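Only one chain comes next, encoded as structure tokens, the form predicted on its own.
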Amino acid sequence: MKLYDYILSPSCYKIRLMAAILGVKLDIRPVDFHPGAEHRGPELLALNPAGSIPILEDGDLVLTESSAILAYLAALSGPEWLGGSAPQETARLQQWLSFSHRLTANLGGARLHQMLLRPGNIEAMQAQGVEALRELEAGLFEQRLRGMRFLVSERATIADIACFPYVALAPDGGISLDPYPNIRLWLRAIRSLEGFIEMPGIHRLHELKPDPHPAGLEK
């Protein structure tokens, strides 16, 4: 499988993260997104007329939407990441996948404005981002009342991977995560998943270092 990828793109990172967790090997094809705008060049427009990345090629199959790519990778590896068979879980998963596209527009838009000077109404995008984070915080609080750490069930699903990067990178767009304790716990739970990988701005969890001054020794 070949992934057309930009290292700073949260949408591309979703795919790299999902593949790493599942143990799926990807052939990474770097794209000069900025400043080269290679995603709008003839080679990539032939694959995706929308002029966006990520793009996944697997033989004759070409997928150009991150949610579809996540679902494809998960389906190849088994049903666990697709939310189970209960109608409520299926519906909840689809709802959070749709929500993830809103995060791309508001949190992602604010980040592009702040980091790459992309035109846009930064105040409106930040306000919409805060509204989305409050919605996510409420959803995660309700899940914790049910005894669940993730958006759909006690297990992580593609919905969590779809929403994770733009939320984790919200501070790049000038939006603090300090007011959202349930979001911060959820971010930590995802970063604790076996196979988790980093991207610039999102780091692995680190084990606590041993106390350099054990009890009874002078500090």
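From 1 onward, residues are counted along the sequence shown. Because the structure is a prediction, the values reported are computed rather than measured.
The next section is about a form of this same protein that is not shown, the form predicted in complex with a further copy of the same chain.
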| property | result |
| --- | --- |
| Ala37: touches a further copy of the same chain in the model of the complex, heavy atom cutoff 4.5 angstroms | no |
| Glu65, heavy atom within 4.5 angstroms of a further copy of the same chain in the model of the complex | yes |
| Non-hydrogen atom contact Met115 with a further copy of the same chain in the model of the complex at 4.5 angstroms | no |
| is_contact(Glu80, a further copy of the same chain) in the model of the complex, heavy atom dist at most 4.5 Å | no |
| Ile28, Leu177, Ala50, Leu193 - the one with a heavy atom within 4.5 Å of a further copy of the same chain in the model of the complex | Ala50 |
| Candidate from Ile122, Leu76, Met148, Ala105 lying within 4.5 Å of a further copy of the same chain in the model of the complex - any heavy atom | Leu76 |
| Segment assignment from 159 to 167, 178 to 186, 42 to 50, 28 to 36: heavy atom within 4.5 Å of a further copy of the same chain in the model of the complex | 42 to 50 |
| 4.5 Å heavy atom contact with a further copy of the same chain in the model of the complex for all of Leu61, Ser98 and His101 | yes |
| Any residue of 85 to 100 that, in the model of the complex, places a heavy atom within 4.5 Å of a further copy of the same chain | Pro87, Gln88, Thr90, Ala91, Gln94, Gln95, Leu97, Ser98, Phe99 |
